[in-house]
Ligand SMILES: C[S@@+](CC[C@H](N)C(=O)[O-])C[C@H]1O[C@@H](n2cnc3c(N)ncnc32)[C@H](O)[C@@H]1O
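Only one chain is included here, represented as structure tokens and corresponding to the form predicted on its own.
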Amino acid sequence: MTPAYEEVIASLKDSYDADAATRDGQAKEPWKLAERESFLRRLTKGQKLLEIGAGTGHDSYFFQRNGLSVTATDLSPEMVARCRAKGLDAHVMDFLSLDFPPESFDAVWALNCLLHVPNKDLPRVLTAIHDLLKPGGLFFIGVYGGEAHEGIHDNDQAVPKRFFSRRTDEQLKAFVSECFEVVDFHPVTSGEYRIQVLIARR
């Protein structure tokens, strides 16, 4: 039986706490750099951006350095500490405890984090994100996917191993379309991985 999102939060926190130092020192893959540059061009200086699943804050720092007002969240206290060390406004929050007033943000950036949310809980998470965006606000999603599979990956090197939910293109677009307008979707290939990139508008 697929666990609920609340049941995987603790193990995800432990995995990412343990890996924070390693991840902070990793170089960003070229496709990630290209996607954030492209998303930045859709925004204007001074707009408010929320990054969920911010990790050590590399992307949040990029957006802040380029004139956006950035708030970062992650469920890992170690990751959030590294965000704060970069001068970011960062908070320990999971996707169902995003404690901000409605319509607080012009944009939301979510790279390689929503793949930890089970399908049965994804509508709740997307609704929560929708409610934080201003009307017309943009939502970036980047996730590994292309095939339907949920569970622990045996070859995952993290300790403890993490839960993943991978979705077909049709599944991902259908979930997002329940509360957003999909304005762009395109796959990206990086080595053996296929990444789904989707931009939606409230």
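From 1 onward, residues are counted along the sequence shown. The structure displayed is predicted, hence computed values, not measured ones.
Another form, the form predicted together with the ligand, is not on view; read the next lines as being about it.
Quick check on this chain: which one of L132, C113, A90, L122 has a heavy atom within 4.5 Å of the ligand in the predicted complex? Answer to the contact question: C113.
Though the ligand is not shown, can you say which of C179, I9, A18, V182 has a heavy atom within 4.5 Å of it in the predicted complex? Going through each option in turn, the one that passes is I9.
Exercise: A72 in contact with the ligand in the predicted complex, heavy atom 4.5 Å: No, A72 stays farther than 4.5 Å from the ligand in the predicted complex.
Report yes if any heavy atom of D106 sits within 4.5 Å of a heavy atom of the ligand in the predicted complex; otherwise report no. Heavy-atom contact with the ligand at 4.5 Å: absent for D106.
If you check in the predicted complex, is A54 within 4.5 Å of the ligand, heavy atoms only? Heavy-atom contact with the ligand at 4.5 Å: present for A54.
With the cut-off set at 4.5 Å between non-hydrogen atoms, does H149 touch the ligand in the predicted complex? Output for H149 is no: heavy atoms all beyond 4.5 Å of the ligand.
Judged by heavy atoms and a 4.5 Å cut-off, are R41, F63 and F175 together in contact with the ligand in the predicted complex? The answer is no: none of the three residues contacts the partner (heavy atom, 4.5 Å cut-off).
Of the listed stretches (41-49, 167-175, 151-159, 54-62), which one has a non-hydrogen atom within 4.5 Å of the ligand in the predicted complex? This holds for exactly one stretch, 54-62.
Residue by residue through 71-102, tell me which have a non-hydrogen atom within 4.5 angstroms of the ligand in the predicted complex. Counting only heavy atoms within 4.5 Å of the ligand in the predicted complex, the contacting residues of 71-102 are D74, L75, S76, M79, M93, D94, F95.
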